[in-house]
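The chain below stands alone and is given as structure tokens, in the form predicted on its own.
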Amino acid sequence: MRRLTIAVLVATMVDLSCSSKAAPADACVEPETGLPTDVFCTGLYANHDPTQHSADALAYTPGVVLWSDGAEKHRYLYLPPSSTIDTSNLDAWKFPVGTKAWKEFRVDGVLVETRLFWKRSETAWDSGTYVWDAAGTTATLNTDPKGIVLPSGYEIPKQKDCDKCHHGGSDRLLGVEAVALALPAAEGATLTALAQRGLLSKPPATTTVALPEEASGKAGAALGYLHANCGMPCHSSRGLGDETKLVLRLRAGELWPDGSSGAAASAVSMTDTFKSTVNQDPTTAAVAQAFPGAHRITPGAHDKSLVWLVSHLRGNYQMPPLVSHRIDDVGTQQLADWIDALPK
């Protein structure tokens, strides 16, 4: 991958884009396919100013978040007027055509990229990344087929990398889901807020839940870490979990056992995560050979537990496997603490 300074990432601005309240109408022409070239024509920003956001963009923070090498992230969601999210299946939301979701990434306080997912039809999303110049005043759509590694070591992913994670969403988006938005740490457009605004087709009777916990008090944080970093993008029944039988995504049915009432969460030992990891051997021969004697989780021994070992690696077998060059010391410690507290 090429190492580039932020300054040379800026291409000449081209006025091909979408009409929106966030940019003058005469500067933006909605493309029939693909994404606008200019970030200011995506609908997120007002007055051609990256510090001002459109009133139509709902800010939100999931209660558990994906590690992004320490980058500060801000997220926004737009739903077309008079539309709702189809939540008839609480575990598999379907978004209305025209939905947009943005995520801003700041490294050392500097805005470096804005990502966009835009649902263009019932079956198709357009997605891409806008790379900001050093002054933080312009950002153009990145069309480089290679990832971009900044001098800080932070990597802006290529399009295919984004696709490899977002295939784990029931309708592409990750983090805009019942579990993550119902947790106490969620902010902004939480499950409660979306329900109160009438934006969910079938909201659950209770819109706040807690992560499953046990006597040690260590399980909840670890389950949340695994859900956001492993389960939502890959290791679920929609992704690799089907093939490897390693399921790390918490289901709504585990936190809403009757589907809607918000009854007490399932016991930790009854979650798919626990059942597919604790004292379970890997199903992949190469992994078993690389980590001899290690279970997916070995109670009382995080250093003999695959889910910790691979999360604490960078290089071969690292998790997450893409666009991460730094270990999440806080998250992996939470995982280690829970594993060590499990009875041997």
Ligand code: HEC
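In case it trips you up, residue 1 is the first one in the sequence shown, and so on. Here the structure is a predicted model, which means the values were calculated and not measured.
One more form of this protein should be noted, the form predicted together with the ligand, which is absent from this view; the next part is about it.
- This chain is drawn without the ligand; in the predicted bound form, the residue among Leu246, Ala228, Val209, Ala222 with a heavy atom within 4.5 Å of it is Ala228.
- Shown without its partner, this chain lists Arg251, Arg238, Lys103, Lys218 as candidates; in the predicted bound form, only Lys103 has a non-hydrogen atom within 4.5 angstroms of the ligand.
- Judged against the ligand in the predicted bound form with a 4.5 angstroms heavy atom cut-off, the residues Lys73, Asp161 and Leu174 are in contact without exception.
- Within this chain, Phe291 is remote from the site of the ligand in the predicted bound form, having no heavy atom within 4.5 Å.
- Contact check for Pro36: every heavy atom lies farther than 4.5 Å from the ligand in the predicted bound form.
- Using a 4.5 angstroms threshold between heavy atoms, Thr271 stays clear of the ligand in the predicted bound form.
- Cys165 belongs to the set of residues with a heavy atom inside 4.5 Å of the ligand in the predicted bound form.
- The stretch from 37 to 45, 307 to 315, 276 to 284, 57 to 65 that comes within 4.5 Å of the ligand in the predicted bound form, counting heavy atoms only, is 57 to 65.
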